[in-house]
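Next up: just one chain, as structure tokens, the form predicted on its own.
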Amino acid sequence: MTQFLSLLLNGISLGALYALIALGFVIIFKASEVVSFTHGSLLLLGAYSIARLSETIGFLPAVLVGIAITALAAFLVERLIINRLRGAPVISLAIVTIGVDIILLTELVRRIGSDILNVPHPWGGGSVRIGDVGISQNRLIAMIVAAILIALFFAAFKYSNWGVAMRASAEDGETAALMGIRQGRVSALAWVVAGVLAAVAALFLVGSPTPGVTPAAYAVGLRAFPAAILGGLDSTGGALVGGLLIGIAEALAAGYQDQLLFLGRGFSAVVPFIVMIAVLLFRPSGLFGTKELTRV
């Protein structure tokens, strides 16, 4: 029972980070109707920037600059590429984001090489015990920070001018434009927010129990994609639920890998995609997605 509770807590903390990344997928889709596949490379860019800058300017300034760099990269992708292709078929835009992702990933892998870059988290690699259940300090702080950011995001999405404009654009883009809502500005800000969320998630995903920044961090962005699809690509609440479900499922599969050995080692890495497929077989639009959602 103790093992199960420990795995469950770690799954929730991992799922909270997946939810941050999945929210980025969702708000980009709602604002610009683009299924973005750039999140893996944006996440790796954030982790790489923070690790490299920490060596010269210290941890906290490196975090702030690293987040800004990732947000700027997302903004440039939207302004220089996505905005110029506005009105293009959804499948074409998705393929373009794959191309951008490959370019960024190739350059980052070249720069990282075979090294493992360390991010000097002030809280180190220690663990905290809540009763008989243990969790790393990094994951506990990640869970708290993610909860705060998710709460702030939902408040902004519901009450801010940007949130109202995004919801109006997602509901009826033509009517929103006639009402004076600048969809280009809404889309650009959505990409910036998605970049910020990816960088914050990267900060904790490369901490304990992960050894540091390697190209493998890129795969985390891919595993967060099923969380967005699972919840519904047009549902912000679905991104939160999907992230938690995927995180818990992955943590449980990793924790009970000895009992699941007949499925092969590393089975936990494919669990997010198995859960996604299983749900989509019964709910093609996701748990909370609308049926009229256009998908690629």
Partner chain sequence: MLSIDALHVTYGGAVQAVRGVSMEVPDGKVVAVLGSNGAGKTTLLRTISGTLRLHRGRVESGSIRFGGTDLGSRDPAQAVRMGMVQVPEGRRIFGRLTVEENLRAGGMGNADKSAKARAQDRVYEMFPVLKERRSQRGALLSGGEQQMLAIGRALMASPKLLLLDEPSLGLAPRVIGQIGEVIAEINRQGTSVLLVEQNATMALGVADLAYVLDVGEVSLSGNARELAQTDEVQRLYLGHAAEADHPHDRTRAASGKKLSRWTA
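Positions refer to the first chain, counted from 1. Because the structure is a prediction, the values reported are computed rather than measured.
Below, we turn to the form predicted together with its partner chain, even though it does not appear here.
Undergrad: Any chance all of 161, 175 and 178 sit within 4.5 Å of its partner chain in the predicted bound form, going by non-hydrogen atoms?
TA: Looking in the predicted bound form, the three residues 161, 175 and 178 all sit within 4.5 Å of its partner chain (heavy atoms).
Undergrad: Which one of these stretches, 75-83, 191-199, 93-101, 153-161, sits within 4.5 Å of its partner chain in the predicted bound form when only heavy atoms are counted?
TA: Only one stretch qualifies here: 153-161.
Undergrad: Consider the chain as shown here, without its partner, and state which of 135, 165, 143, 108 has a heavy atom within 4.5 Å of its partner chain in the predicted bound form.
TA: In short, 165.
Undergrad: Is the gap between residue 250 and its partner chain in the predicted bound form 4.5 Å or less for some heavy atom pair?
TA: No, residue 250 is distant from the partner.
Undergrad: For residue 290, is any heavy atom within 4.5 Å of its partner chain in the predicted bound form, or not?
TA: Yes, residue 290 lies within 4.5 Å of its partner chain in the predicted bound form.
Undergrad: Taking 4.5 angstroms as the cut-off for heavy atoms, does residue 87 touch its partner chain in the predicted bound form?
TA: Residue 87: contacts its partner chain in the predicted bound form.
Undergrad: Taking heavy atoms and a 4.5 Å cut-off, does residue 171 contact its partner chain in the predicted bound form?
TA: Judged by the heavy-atom cut-off of 4.5 Å, residue 171 is in contact with its partner chain in the predicted bound form.
Undergrad: Where, within 234-249, is there a heavy atom within 4.5 Å of its partner chain in the predicted bound form? Residue list please.
TA: Sequence-ordered list has one entry, 234.
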